[in-house]
Structure formats: C-alpha cells, structure tokens
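Before any questions on how it binds or moves, here is one chain, the form predicted on its own, in structure tokens.
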C-alpha cells in the first residue's frame, strides 16, 4: 500500500478507498431497496451520514496539505470537486426524505454511484502536478 506522500496526492490512500467502497456498498443497498419498491430506510440515511463524515475527513486532509504548501495541478477543478463531494450525501438525504417512495432509494443509489467518480476525479486533479514535465 502506498502512502499519500509516495503518490504525491494527499487525497489518495486508505481514506479515499474507504469512501469509494462505502459509497458503492450503499449504492448497492439502495438499488436493492429500489428494486423491491422500498422507500429509503434508516440504513441508507445512516450510511449517507457515515459517507459524509468520510468525505469531510478527506476534505480536511486536502486542506491540511494545502496549508502545508502542496498544490493540486488543477486548483479550480479541485475546489469544485471538493465542494461537490461534501454536498452530495446531504443532497441525497434531503431528496430521499422528500420522496418517501422507491424513487427516494433510487436517488440515494444514483448519488452514491456518482460519489466515487468525483473522488477519483479529485485525485486526478491533484496528480496532474506530479506528472507535469516528467513525461509519466
């Protein structure tokens, strides 16, 4: 396992992997609920809260790295992805509560499928600096 320092990105590593896996597991749970015509349940809402805590921790790690002098290769995109990431789970929770049918579970599923993509894009915006000028 490589450390964030070794990869050049503070948003790589165990924390990012945990948030991606948690998001995908929650998406699977919500998909099953959708297919069973079930509204969002307590597990989905607790999962969204835990996911939010993980994403906030990832954000803190990135901000600490910024405070330490590290910089992403694409700062505008990086901050856009950070802002989007911390908004996705609360948005899912609000919309799912507003739609107490199977479609509420579908909303949770969709947002939990988008979250890993945004995490990976966040990593890519930071890694851009590490590859600049080295040809790799």
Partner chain sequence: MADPVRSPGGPAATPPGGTTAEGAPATNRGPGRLLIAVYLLFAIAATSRAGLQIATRLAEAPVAYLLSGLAAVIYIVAAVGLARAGTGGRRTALVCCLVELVGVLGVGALSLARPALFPDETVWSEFGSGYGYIPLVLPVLGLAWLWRTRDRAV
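All figures in this text were calculated on a predicted structure; none of them were measured in a lab. Positions refer to the first chain, counted from 1.
Another form exists, predicted together with its partner chain; not displayed. Remarks below refer to it.
Stretch 91-99 is the answer when you ask which of 62-70, 24-32, 91-99, 43-51 has residues with heavy atoms within 4.5 Å of its partner chain in the model of the complex.
For the marked spot (119, 122 and 126), a heavy atom within 4.5 Å of its partner chain in the model of the complex is absent from each of the three residues. Interface membership of residue 111, defined by any non-hydrogen atom within 4.5 Å of its partner chain in the model of the complex, is confirmed. Residue contact check for residue 55: none of its heavy atoms lie within 4.5 Å of its partner chain in the model of the complex. Within 4.5 angstroms of its partner chain in the model of the complex, the stretch 70-91 places a non-hydrogen atom from each of 75, 76, 77, 79, 80, 81, 83, 84, 87, 88, 91, taken in sequence order.
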